[in-house]
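This document starts with two versions of one protein chain, written out as structure tokens and named structure 1 and structure 2.
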Structure 1
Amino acid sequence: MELIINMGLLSMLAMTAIAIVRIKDLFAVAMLAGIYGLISASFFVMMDAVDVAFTEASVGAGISTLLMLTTLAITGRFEKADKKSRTRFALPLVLLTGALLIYGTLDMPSFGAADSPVQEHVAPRYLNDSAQEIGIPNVVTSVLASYRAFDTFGEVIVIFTAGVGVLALLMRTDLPPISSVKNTASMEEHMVLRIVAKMLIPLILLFGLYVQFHGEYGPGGGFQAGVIFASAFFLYAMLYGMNAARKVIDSSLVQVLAALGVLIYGTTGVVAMLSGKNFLDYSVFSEDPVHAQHLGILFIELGVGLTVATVMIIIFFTFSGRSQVEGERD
């Protein structure tokens, strides 16, 4: 039965990918990309990779789709015809890349093989020792937030850099202030949606807090919680308009909080170094090694959640604000 479900999900992924390539309506492409992310999340669940599925559902099927739709407000809905027919080179290039990738996997052990190095050395090390060394049930969080916390710090910096890049490329000083632009994004006539949103937004924020502080015991953590927090503000902006959202969220404060999240993460490691330990060695926070791990993970997950949430808000507001102002100009 599991094989049948996996084959069905893979078939749906293939059909969705083909439809994305062939369709010229970019709105439909964005929606299909969200569907592709949701199917991928379902496939990850079938593989018992629940944390990965959670991330794919929130980012791939959620925030990414919304940001693509927001981008369409600037670029236009339909793909322009390529008069030079440069697309004829795309298929051979994709086939060549795919062949090279397949060739690169020939020397790898079979998927799920019991005698593969990852099954004999890597996985047993974390599965057998993380409970005693870290003291939390979720091994994924142990790996991301403790064993390879330095790599996760790099990922947080990449996210922060993405937000800075969007501000540098799309934020313009010659545009009129947002308060002078007509609030075209407001959906005042949809009273039911607005009332339902008022009830859902507190629940979304509460669920974000649950995911933030429950990542040690189940799927979740700072990355997923940050996206969930940001989605609540996105929902408010879409239903009440950008002008109303700007009054609720101070753009300058959001930018400061994005940097603060990275600073919290980095400071956690610097404190360890100042105490004579290695960077991100949590043992300095408590005499009990397990309690020290809990405190260190709490600090860096807070930094991750804060950075992810604020950067997502920065990207969304920058795209939406630019599209709203330029739409009003047109």
Structure 2
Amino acid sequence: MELIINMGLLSMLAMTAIAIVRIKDLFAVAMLAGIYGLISASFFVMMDAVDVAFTEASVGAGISTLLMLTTLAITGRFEKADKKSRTRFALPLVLLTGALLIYGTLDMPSFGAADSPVQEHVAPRYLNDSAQEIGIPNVVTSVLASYRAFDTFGEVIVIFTAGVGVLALLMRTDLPPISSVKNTASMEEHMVLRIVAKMLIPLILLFGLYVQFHGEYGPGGGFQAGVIFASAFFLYAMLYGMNAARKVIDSSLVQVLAALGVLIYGTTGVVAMLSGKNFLDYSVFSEDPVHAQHLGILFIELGVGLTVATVMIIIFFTFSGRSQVEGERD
């Protein structure tokens, strides 16, 4: 039965991709990209990749669709027909790369084989020893936050770089001070939505915190929690207007928090260096090694969650602030 569902999901992915190529209405393309993210997230669930499904759903289906829609609100909806000369050049190149890729798959270990090199070399140690060495059930979080913690540090820096980049490009310092702007939200007539949102937002924030601290035992962790936390603010900003949202979250505070998250992550590592161990070695935090790993992973996930949440808020507010110039509204 799982094979049928896999094939069904993959064929839906292919159909969505082909539809995206042909549709010229960019709003529809943004929505189909959201559907593409959703299907690939469900495919990840079928492939036992629960944490990745979590992240892909919240990032692929949620954040990237919202960002694309915010951009389309500024740049306009319809796309021009693509030029024949470009497609004639692109098709052979794409077919050539595709042929090389297919050629590459001929010697691959077959799908789901338990004896392929991937399953035998590095992975068994994580699965067998992580219970004793780190003591948390979710092996993905233990690899993410302890064995390969420096990769995750690089990742937090990538998100921080994106936040700095979007700020450097779109930051507007000429926005009127918050107090003076009357709150004229565009969604006044959607009273139903505002009531429901008012009920939902605390629940979403609570769910975000649950995901943050549940990362060791089930799917979840810093990234997913950060994105969920930020999506609560997006909902508030969309329904109550940007000025109300800017009253809630002050832009300089958000930037300081984003920097703070990265610094929390960095100091967790540097503390290990100060006492002679290597960077990001958690055995410094307490004499019992397993307990030390728990503490280390907790700090790491806190730093990651804080940075991801605040950078997502920075990116969304900077984009929406930019469209305020266009519409001069809310």
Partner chain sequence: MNFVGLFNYWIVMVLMMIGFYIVIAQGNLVKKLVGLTLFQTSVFIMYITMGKIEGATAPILVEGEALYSNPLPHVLILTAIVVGIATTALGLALVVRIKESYDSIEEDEINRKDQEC
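Rigid core (definition): largest C-alpha set, two forms, superposition within 1.5 Å. The first residue in the sequence of structure 1 is number 1, and each one after it adds one. Note that the coordinates shown come from a computational prediction; the quantities given were computed from them, not determined experimentally.
J.: Can you tell me whether structure 1 or structure 2 is the form predicted together with its partner chain?
T.: The chain shown second - structure 2 - is the form that fits the description.
J.: Once both forms sit on the same rigid core, is the C-alpha displacement of residue 98 at or above 2 Å between the two structures?
T.: Residue 98 C-alpha, core-superposed: shift of 2 Å or more.
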